[in-house]
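The chain below stands alone and is given as structure tokens, in the form predicted alone.
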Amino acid sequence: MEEPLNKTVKLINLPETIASRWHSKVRVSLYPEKFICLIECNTDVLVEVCNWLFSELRYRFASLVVEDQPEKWLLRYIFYGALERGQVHILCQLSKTEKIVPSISNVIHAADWHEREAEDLFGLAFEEHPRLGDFILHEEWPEGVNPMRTEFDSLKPYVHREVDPEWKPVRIVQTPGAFMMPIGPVYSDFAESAHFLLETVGEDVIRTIPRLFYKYRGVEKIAERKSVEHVILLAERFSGTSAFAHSLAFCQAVEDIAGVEVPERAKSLRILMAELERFRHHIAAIAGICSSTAMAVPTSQASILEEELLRLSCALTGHRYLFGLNIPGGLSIDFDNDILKNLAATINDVLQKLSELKEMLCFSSSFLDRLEEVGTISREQAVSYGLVGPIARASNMIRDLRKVLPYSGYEKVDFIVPCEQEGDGYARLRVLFSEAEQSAQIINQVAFSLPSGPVVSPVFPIVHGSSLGWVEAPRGAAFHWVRLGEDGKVARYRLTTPSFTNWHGFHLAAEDFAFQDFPIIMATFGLSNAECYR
């Protein structure tokens, strides 16, 4: 359930409420057609305004967008609320000579990694942040090189910094007999690189220190000065398992900038494809959980279902992971209504098999023993870290962008958002099963009520402007900020992914549990390293 509000302040009441509190220190603009309230303020009241939104009005922190412009820094703090409270963007401008910004992570811990990322990539310093440096850019990067700065030359070779032979990882647990156990960064199978340092004095993990970003790919930098068509390819390829969701968020941002209305049929088909992707993703996540507990037969059964859906996607769209479908203005191809009805029937067959698998797992004591009361995250922790998607909903924090910020016609679709309270591995598994069931129901609704008409709007010019696109991706809330220059090329592209958001809180689940629980807890999170390595 949603947390209660200390004050009920809707978007339309925000300007007068803000003006009464901060008077001339802020400037407020309301864009009701986009359901956005823009607050422009100086850094001296930044922390206070952010804390008010988060603590009193219960807005969620979505992203920090840093833009390096010729004469100034633009810092945009994006928050989103429940239905009818829309988005709030806090905009701070600094001169290029300034590089020190007040940190908001002391009052909004969800902003912690965003500030650390901005420090590494742009060279900004966030005052009073407890830990900056050596985050996205590992120790081999030269000091003072910030790849997202406009003056950074990607064609210029940089000499790697020599690793200090005396370097040792930071120890938190100082108790006699404490030791550190490294996991990763190299794994078997197809897992991307990630390193976890587990500290303990016995069998239980006391501290988990994650280190990701071994493969910084510079997607946001590569996107600069590229055409919209080029950047769509980046959007759907940096995380293949959520390709459709991310390309949809990017396209929606471009469509908003251009003021283009997407045809109703295209909106419905986008919903259908998004839920097909979610259905397939959740089955794959369930297979991963079964594998982590050494349940060979259920793992095989779930993997077979995933493969069925991948083949179905390929037969329908030409690509197993739904690449190449989203384009600004709609979809690149249309589908026959009868074929989509047959798709719904096949989805129902897969759902029946998935239900049988769920029934079997729910009565397997050896399986449940590894999940129940293991990897627990409380609701308060989920709120503090801003967790999203099935992980947040398993901790009784229900906020789904399809409901609170409806897009692509989701406001017309009848579905529920599953929620559990325990916050453990079993709760996360149950949410995955329930969300898969809801996705199947949505696919059936859409397939049998498709409107007629085109699937793409008429050709339109790419114009100058900026906008935020968002989706409830399979792993949770994803935000894509896009700024287009006067030439129609992408001037700034900023991605905030659910894996980036949720890896930040992963250590909460891994601590105070036994070493042997670690891979199972990781599987119940079902996160992607590649989705972080932007």
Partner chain sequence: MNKWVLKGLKTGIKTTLYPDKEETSPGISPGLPQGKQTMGDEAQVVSRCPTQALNHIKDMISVDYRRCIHCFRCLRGIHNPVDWDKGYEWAVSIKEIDDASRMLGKAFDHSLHIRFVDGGACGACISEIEQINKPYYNIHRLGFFITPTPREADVLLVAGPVTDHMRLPIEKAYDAMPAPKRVIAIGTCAISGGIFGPSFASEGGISNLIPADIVVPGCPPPPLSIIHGLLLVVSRKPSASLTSPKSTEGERPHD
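Just so it is clear, the structure is predicted and the values come from calculations on it, not from any experiment. Positions refer to the first chain, counted from 1.
As for the form predicted together with its partner chain, it is not shown, yet the points below apply to it.
- Residue 315 is the only one of 345, 201, 315, 172 with a heavy atom lying within 4.5 Å of its partner chain in the model of the complex.
- Interface residue among 332, 378, 384, 106, judged by heavy atoms within 4.5 Å of its partner chain in the model of the complex: 332.
- Only one segment in the set 437 to 445, 410 to 418, 189 to 197, 452 to 460 has residues whose heavy atoms sit within 4.5 Å of its partner chain in the model of the complex; it is 189 to 197.
- Although the partner is absent from this view, residue 241 contacts its partner chain in the model of the complex, with a non-hydrogen atom inside 4.5 angstroms.
- Remark: residue 338 does not count among the residues lining its partner chain in the model of the complex, judged by a heavy atom distance of 4.5 Å or less.
- Among residues of the shown chain, residue 73 is not one whose heavy atoms approach its partner chain to within 4.5 Å in the model of the complex.
- Using a 4.5 Å cutoff between non-hydrogen atoms, residue 360 counts as a contact of its partner chain in the model of the complex.
- Of the residues in 204 to 222, those that come within 4.5 Å of its partner chain in the model of the complex through at least one heavy atom are, in sequence order, 213, 214, 215, 216, 217, 218, 219, 221, 222.
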